[in-house]
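Presented as structure tokens, the chain that follows is alone, the form predicted alone.
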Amino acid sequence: MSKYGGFQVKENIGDEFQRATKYYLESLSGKSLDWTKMPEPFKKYRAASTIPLPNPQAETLPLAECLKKRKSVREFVQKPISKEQLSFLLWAQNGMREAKRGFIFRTAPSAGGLYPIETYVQVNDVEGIHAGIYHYNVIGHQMEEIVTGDFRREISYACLEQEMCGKAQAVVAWSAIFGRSKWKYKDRAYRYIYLDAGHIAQNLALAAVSIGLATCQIGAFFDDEVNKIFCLDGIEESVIYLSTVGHPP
């Protein structure tokens, strides 16, 4: 056992998690779901001021060229990105593709179609949008204002002093509402949640390259400090992945 921040933490907890969440042929059996307890699939800040986003349209490079050009970029030219560019990126990473037969289909896959990942944006320099923290409303394709202000210093510190977070025009943060997946998959849900975040991050990275922008995905950060910036409790909902977005040199 080791002590971190006053908590006792088991050694090799990652290995234990991997073993404890395995599926076994002899023990896996179908279980009925209580549909009355299914979590709400979309988050909405009902009292927040909203910023409508333009239709997510853009002239893009071919996929093969995007794959060849995609790389992690840590330096950014200091000029704003447009609201149109941000709109396209938010839609491309995990936006609504179509509504059909009562289901919402998105641009990224998700285990069981449960979509536990929520998207937040720290705006540093986007035309027509004040600097601050916003939530992406998938259904309305709009930004919901959580708090305005300059958080470049805070996000750089929270991401282990990675200065690119302050230099980027925006920082995208993906949180997980764990209960959405745990309702169906129990502890196995955590595996799927991290896979979901990876699908979404790759969508963002390729979409950014396709319109002449660049990203760098971030997995190293102080969890509590990042959650504080995005006003999350870190228990029911917690940031699990981030990415910078900006103009490459």
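Start at 1 and count along the sequence shown; that's the residue number. Just so it is clear, the structure is predicted and the values come from calculations on it, not from any experiment.
Keep in mind the form predicted in complex with a small molecule is missing from the figure; the text below concerns it.
J.: Report yes if any heavy atom of R70 sits within 4.5 Å of a heavy atom of the small molecule in the predicted bound form; otherwise report no.
T.: Looking in the predicted bound form, residue contacts with the small molecule include R70, since a heavy atom lies within 4.5 Å.
J.: Although the small molecule is absent from this view, report whether C216 comes within 4.5 Å of it in the predicted bound form, heavy atoms only.
T.: Yes - in the predicted bound form, heavy atoms of C216 and the small molecule come within 4.5 Å of each other.
J.: Contact with the small molecule in the predicted bound form for R74, defined as at least one heavy atom pair within 4.5 Å: yes or no?
T.: Result yes; R74 sits at the interface with the small molecule in the predicted bound form.
J.: With the partner left out here, check for me: in the predicted bound form, does some heavy atom of A220 sit within 4.5 Å of the small molecule?
T.: A220 belongs to the contact set for the small molecule.
J.: Tell me, out of S82, Q142, T107, Q162, which residue has a non-hydrogen atom within 4.5 angstroms of the small molecule in the predicted bound form.
T.: Flagged contact: Q162.
J.: Report the stretch among 162 to 170, 119 to 127, 87 to 95, 142 to 150 that approaches the small molecule in the predicted bound form to within 4.5 Å, counting heavy atoms only.
T.: Only one stretch qualifies here: 162 to 170.
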